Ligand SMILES: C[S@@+](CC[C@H](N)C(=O)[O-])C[C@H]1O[C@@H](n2cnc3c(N)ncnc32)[C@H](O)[C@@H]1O
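Here you get one chain, nothing else, as C-alpha cells; it is the form predicted alone.
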C-alpha cells in the first residue's frame, strides 16, 4: 500500500483480526446467555409444575378422627387406643388445630378416645362439638363413646350441634360384655344403650352402633336387637392388633386371645346379611383407611402394624403432618368412608 510502512500495515492487520474475533466472541457469549436464559426458564417451569404436582398429591383431610384423650373407664381387652398418656390439649389449642383442619378441607370430624365424655364430664367435648358445627360450620360432627358417662343434660345443651352419636356395643349379653371388659362395675351396658337411643331420638341426633367382633361374640346373633334399635349404621369391625397398643411387650392390652380369623369374621357377616344397616370393616379395610389424630394432634401412621406419629399439625401445619399419615384414600372410599353424614341430609323420622 503506497505511503504506508510495513510496520503500520502489520499493526492494522492485527487490529482488524482482533476486532473480528471480538465481534464473534460477543455474539457467542450473547447466544450462550440467551440459551442459559431459556434453560433457566425451562427449569423454573419444571419446578413450578413439580410443585403443582406435589400440591395435587397432598391428601385432603375430608374425614378426621380426633382421639383427644386416651383415658377410659372401661377395660376392653382388645382396645387399640389405650391410656398411654393422660394428656389433653387446652381447649383453645384444640380449636386452633380444628380450624387448621377445616381450612385444609375437613368436612367431618369424629371425636373419640379413650372415652370422650370422661374429660371434664363431657363439657370439654361439648364445647368442641359446638365450635365445629356453629363456628366452623362443618357438615358433619360425630362422637364415638361407650355411653357410660352420657347424661341427658348434655343432649339438652349440645345436641343441636351433633350429627351422629356412635355407641360401642359388642354384645347384647351382659355376661359377654363383662368378659370383654365393656363394662363398669355391675352396671348394664345394654340398658344404658337403649336409654341413649331414646335420647338420640328425642334430641334429633343420628344414632349409630359400633361392634368389635372377637372370640367372645363371633357366634352371637345380634339381628333382633340391632333391628329393634334401628341405628343409621351398624359398623362391624374385625378385632385388630396394633403393636404397642394391644400387642407387644410395651402394650397395655394383650388382645391376641380376642383375635378371630378372616373366615370367622366373614361367617359373622354372612349370618347378619339381612341387617340392612350393617357396614363391615375387616382388618384389611380398617388399618390404613382412617385419618387418626392423637391427643397431641399428630397423625398416626399404622402401615407397619403400629402407630407412628407425625409432628403435630400445631407445629408444622396440616399439609406437612398429613404426608406422614400413611392414609389410603382409595381404601377409605372403598370401605364407604364417605356417606350421608349430616343429619340435615338424612331425612330421618324423629
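In this text, all values refer to a predicted model and were calculated from it rather than measured experimentally. Positions refer to the first chain, counted from 1.
Another form exists, predicted together with this ligand; not displayed. Remarks below refer to it.
Only one segment in the set 237 to 245, 120 to 128, 93 to 101, 261 to 269 has residues whose heavy atoms sit within 4.5 Å of this ligand in the predicted bound form; it is 237 to 245. Proximity to this ligand in the predicted bound form, defined as a heavy atom within 4.5 Å, holds among 205, 132, 212, 106 only for 212.
With the partner omitted from this view, the residue of 172, 154, 80, 161 that lies near this ligand in the predicted bound form is 80 [heavy atom within 4.5 Å].
Although the partner is absent here, residue 144 is a contact residue: one of its heavy atoms lies within 4.5 angstroms of this ligand in the predicted bound form. This ligand is not drawn, but in the predicted bound form it has no heavy atom within 4.5 Å of residue 192. A residue is said to contact a partner when one of its heavy atoms sits within 4.5 Å of a partner heavy atom; residue 292 fails this definition for this ligand in the predicted bound form, lying far away. Within this chain, residue 168 lines the site of this ligand in the predicted bound form, having a heavy atom no more than 4.5 Å away. Of all the residues from 95 to 120, those having a non-hydrogen atom no more than 4.5 Å from this ligand in the predicted bound form are 112, 113, 114, 115, 116.
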